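A single chain, nothing else alongside it, follows as structure tokens in the form predicted on its own.
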């Protein structure tokens, strides 16, 4: 009986120990399960973060340059005018950083420019592409104006030091605030044509709207490849239809009835708040050909004509500001064009030649400017620029450029006075640019 009691006691003790072990095992499993679930949540969060990072692409470039000009304090389109008493300078011409968040059918882009002058916005836009045939897209924000070829050709890839005087005058800063619709098929017959058009504020690149008008800008383009001939031909037609609102009662236009080419001034108070046309008509053409055993070459040309409202001193974008609330408005008919030739020599070198012309007032000749009573100004003078350069690609990231701008202005009438005196002969405003660029 005593033995039986002892056996029963041992069995009960064993059962108790096994029960405790079972409970301990369940607790351990619960802890491990919780840890695994926590790890899964962490891994999921990390995966989501990695997926986001993979969709972010960033790039940039910096252009450091030395320039020397023929004369001190000249007005220049080779990276901006030279300050008084300055005929040479070191610059960070462009310092770009670009971020792109790409979801295939949607895209967000932000690009800033950092130079010795400060920080500025170059691009800030969102784009949505149709998810079915990937042909149509809609863009809103600050982006390139959809006109011609030279605007959209990136500065980091451009073979010349700067864009032509024509484009810098008509499209300062290249960008604008607006919305754009674009059609560009990825494959098939429709991939040979493209179309883009939009509505814009019609002011400076990132400036706020200053009137009740919106400007239309559009381009219809084509691309024709000849693969067997190592040849490609591109081109397009562009249109700009806009209006500006004057804040001045003084409006100048060419007097067609006068035997002397002159501006006639209308000073009616009703002119304040009146709209005037700013219309451009453009055509561009590009030819690319790979010369056997030598290198690729390209010829690019573009012509633009139209109406450009400006001021007494400037033929550029008319944009009255609070500090210059009543600028006189000058209506001008203009024409401008350029032609460039780029020849690759091997894999590392490029020879560049470009000739551009801007005639801001096609209704007058140089000898008309400066005649007493003509009201013609420095903004009516025609310019031509011959650019010659050499580009050396050190590697995939670094390239060096030497570029010389030979600028020729139209000479004015011998009777010219005041600000026109310097233009009785060619102004010494040629500029040599030595540049190093790092792109990533």
Partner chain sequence: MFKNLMIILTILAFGFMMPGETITVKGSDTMVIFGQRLAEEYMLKNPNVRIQVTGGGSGTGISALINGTTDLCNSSRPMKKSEREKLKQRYATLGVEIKVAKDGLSVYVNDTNPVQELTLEQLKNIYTGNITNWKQVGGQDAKIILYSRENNSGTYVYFKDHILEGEDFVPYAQNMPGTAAVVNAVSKDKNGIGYGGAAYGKGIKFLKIKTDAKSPGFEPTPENIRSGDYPISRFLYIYTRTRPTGEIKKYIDWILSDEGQSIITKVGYFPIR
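Model, not experiment: these values are computed from the prediction. Numbering follows the first chain given and starts at 1.
Absent from the display: the form predicted together with the partner chain. The rest refers to it.
Within 4.5 Å of some heavy atom of the partner chain in the model of the complex lies at least one heavy atom of residue 157.
By the criterion of a heavy atom within 4.5 Å, residue 292 is counted among the residues contacting the partner chain in the model of the complex. By the criterion of a heavy atom within 4.5 Å, residue 328 is excluded from the residues contacting the partner chain in the model of the complex. Proximity of residue 298 to the partner chain in the model of the complex falls within the 4.5 Å heavy atom cutoff. Checked against the partner chain in the model of the complex, the candidates 119, 270, 347, 84 yield a single residue with a heavy atom inside 4.5 Å, and that residue is 347.
Only one of the listed residues (206, 314, 115, 191) places a non-hydrogen atom within 4.5 angstroms of the partner chain in the model of the complex, and that residue is 191. Partner contacts here mean any heavy atom within 4.5 Å of the partner chain in the model of the complex, and among 58 to 66, 405 to 413, 391 to 399, 367 to 375 they occur only in 391 to 399. Every residue of the trio 134, 225 and 232 has some heavy atom no more than 4.5 Å from the partner chain in the model of the complex. Along 87 to 114, a single residue, 104, places a heavy atom within 4.5 Å of the partner chain in the model of the complex.
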